[in-house]
Every structure is written in C-alpha cells, then in structure tokens.
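Only one chain is shown below, in structure tokens, and it's the form predicted on its own.
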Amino acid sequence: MSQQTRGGAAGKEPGSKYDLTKIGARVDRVNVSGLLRTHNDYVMRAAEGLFKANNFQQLMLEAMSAKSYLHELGIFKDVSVHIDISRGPDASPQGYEVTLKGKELSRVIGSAGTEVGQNEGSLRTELTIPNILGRGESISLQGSYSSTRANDLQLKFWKPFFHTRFRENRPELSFSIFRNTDRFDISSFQTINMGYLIDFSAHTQLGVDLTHSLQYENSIRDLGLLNKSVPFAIRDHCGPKLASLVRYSVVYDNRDGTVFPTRGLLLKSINEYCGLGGNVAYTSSTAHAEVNVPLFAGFVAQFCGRVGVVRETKQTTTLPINNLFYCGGPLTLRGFKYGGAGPVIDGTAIGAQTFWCTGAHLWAPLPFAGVFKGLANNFRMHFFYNVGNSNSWTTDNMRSAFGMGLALKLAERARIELNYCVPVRRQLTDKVLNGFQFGIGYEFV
C-alpha cells in the first residue's frame, strides 16, 4: 500500500508517531481494476465501508477490510491497495482516492496432493474453472483414491452469494454429481453410490454464530460382497437400491484452534430423513460435542462425546446396513479395532442402530518444548480414558480403555495419533487392540 497524508507532516521529526484519528479524511472515489471476466456489481460492496471513513485511520482499516472482502469473493489471486490524494476539479479538501487492484485467477486451475479423511489418507486431484459467469460461479472436477476405504469422483458447480446484502450470512448454493466407493472390510462388503446432491449452506449470527447446511440427495446405492464367506444377514442387503433423502446439519464452534484447541466449545449435529422416494427408508441422527478447559503450564483438559441413532420409518422395517454405526477404533473408542465394539453375526461385525462414546483427555506440551520452539508446537502428549457402548444406552456391558500417546498436527486440518492403549472392559465378541494404535483424522472422541 502506498499512502500520502495531509496536514502537519512536514514539521515532524523522522520516527515520530502520528495520531491518525486526528487526520481528517474523506474518500472521493474508489476504483477496482483488474476485472476481466468479473461483473462490476459483484465487487461494488467492497467500497461501502470506505465511503463512511471520516479520518485516516478509519480509511486504512476500511481499505484492509475491502481487500479481505475481495479475497473472500474467490475470484482474485492477489489484491493490492493504493491510497492517494484526490485530484481534479471535484476533489474535496481532505479527499482521497482508493484503488483496489486485483489479479484474477486463471481460467483453469489444477491441483494435486494428499487429503486426510477419518482414519485414512488419500491422493486427491482437482481441476477447477473459476468465475465462469462473472459472479463467482465455479465448476470443479474432483477425484480421490484411497487404498483402504473410500474412492470418490465428483463434478460440482457452486454459486456464492457473498456480494448480496446477506454477506454476513455467507450463503452458497451448489449442485454435485458424484460416484463414490466405500469399503467396509470388517463386514466384508462395499457400497458404490452414484447420484446427485443439492446443498445450501449459510451462517446465522443471532446471539451465537452457527453454520447451517441443508442438502437433498438422490442416489443409487449398490452393495456388493468382498468375499464368499459373508453371513446371510449381510447378503440380504446386496444389490442396487434407490435412496432419496434430505439432510440438515448445524455446527457451533468457538474454539481457538481446530487441532489442538486450548479453550472453547464445539457442538455438531447431523440429521437425515430418507424415504422421499425409492426403496430405502430410515431416520438418522448423530451429535458430537467437545469442551476444552485450559489448566496451567500449557495443560488442557478436554471432554468429548458422540452419540448416534438410526431408526426405521413407517415405510420399512429393514435398515440399510451401510447406514449403521461402527463403534471402535482410534477415532471413537481407542483400544478397539475399527467396528470392533459392536454386534456380531457369525464372527462378522454388522453395525449398530445406536451407539455412544465419551472421552476424557489431559493434553500436555512436550517436555523441554521451549528448546525446540516452533517445532514443538506441532506435537502434544495426552492421557485419555474412553467409554462407549453399542445398542444400549446403559452402562451395563459397556466398553472402556485408557492409555497415553503422542499427537502430531497436520497443518490446521487434522492430526496423527500414536497411542498405547489398555482395554479395561470388553465383550467376548469384541476385537481389542492391547498395545500401540495408530490413528489419523480430523474429528476424534
């Protein structure tokens, strides 16, 4: 940013401080340059705050706010701000001219890299055509491959409405055509889903900041077997089925970090109703909560909980097995294998209609963290105790485990855990893991 102030500048010694609130300023003109494919009305709101400035400090703050707003529109690779004295016959005595110079994104953007899922990693590629209609509309083709569970292919079109008067709500509408494959090795089956998804998301700030998402999905779900020795209880679910559902999710998150938070609360709820058409019907609800309390010397107490319920509707008495819950694993109930803390038929896990699990953690920085400085901020030690159960809301026959481990932060999106686990309570059919357990994901209990 370049800037030039008026009044009193010549008599000041070098290095002296100015009170910018005492320097009067008025914005006479705002220019936005670098618009090639973008319509003017899509960036007009960037200038609203600038015209309200009445001193130079407000002018600078509003200029930075305008720059941030243009970045949020998702059409610019870079934005610079230039503030200069207003000139010309229409210039006011304390007038300034602000120029926001943007460099639009390329017509085609490609990327490739890795992506972290829930206890899996995958290779991901994406090809995007941004701002195709001049108001932030974009199309992307995404693909991901994982050798463990899920493979996805998606063609997505989305339209943001940040430039409207609902800017604070950040509304966005998207339409996707997808095909994904999900393997359930513990139950010896896989599902191939093909269909389309319509999603509308927005924020509300009525007292608390909530993120909402309302989706409609219509897809064909084809369930196939991974081997020949699968129980008939699973074979009965084989074949293609048509699912039509509506899904609503809401999230409240005021934590000071997503991976290693030191304070704050996270509340998340997802509700589905399937049965608007097709031959699959059920209702499903899951909820996740996390509370973080700072203690002393970098120690943090964390309490987590998750609960899930899937029920039949009046249209059917059979629940789709791929929508049941699998309790156990490094993300839910440590000390147990994935899906190893639930109902079993002929030695094969089949998922549960209900589950709950809780976790208590004591997070601590590494010893001698001050020596390693920045590197040590990516690591944490923790002591944990997990409790949970499937198909029962009581503590009878519940499962539990405790242990300690080391966690590594992957940017601000996910973490890796290496824990030593000691199962305490278990059932005869459970698959436990007494010893070291590795986990990777973005949402743990």
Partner chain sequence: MQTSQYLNQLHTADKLAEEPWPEDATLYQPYEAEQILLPENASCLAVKAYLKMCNLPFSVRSCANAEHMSPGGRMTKLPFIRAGAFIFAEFEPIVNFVEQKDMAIGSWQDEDEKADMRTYVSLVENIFTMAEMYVSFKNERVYKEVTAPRNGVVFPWPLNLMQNYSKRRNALRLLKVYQWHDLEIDDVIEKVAKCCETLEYKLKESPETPFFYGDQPCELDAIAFGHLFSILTTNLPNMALAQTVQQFKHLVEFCRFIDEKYFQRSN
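Predicted, not measured: the structure shown is a model, and the values here were computed from it. Numbering follows the first chain given and starts at 1.
Separately, the form predicted together with the partner chain exists; it is not shown, and the next lines address it.
In the predicted complex, the partner chain lies farther than 4.5 Å from every heavy atom of G257. Of the heavy atoms in L155, none are within 4.5 Å of the partner chain in the predicted complex. Remark: K241 counts among the residues lining the partner chain in the predicted complex, judged by a heavy atom distance of 4.5 Å or less. The partner chain is not drawn, but in the predicted complex it has no heavy atom within 4.5 Å of R124. Of the candidates T313, N180, N279, T262, N279 is the one whose heavy atoms come within 4.5 Å of the partner chain in the predicted complex; the others do not. Among K101, H212, K159, R235, the residue placing a heavy atom within 4.5 Å of the partner chain in the predicted complex is R235.
Of the candidate stretches 72-80, 86-94, 294-302, 271-279, only 271-279 contains residues with a heavy atom within 4.5 Å of the partner chain in the predicted complex. Residue M194 is the sole member of 186-215 found to place a heavy atom within 4.5 Å of the partner chain in the predicted complex.
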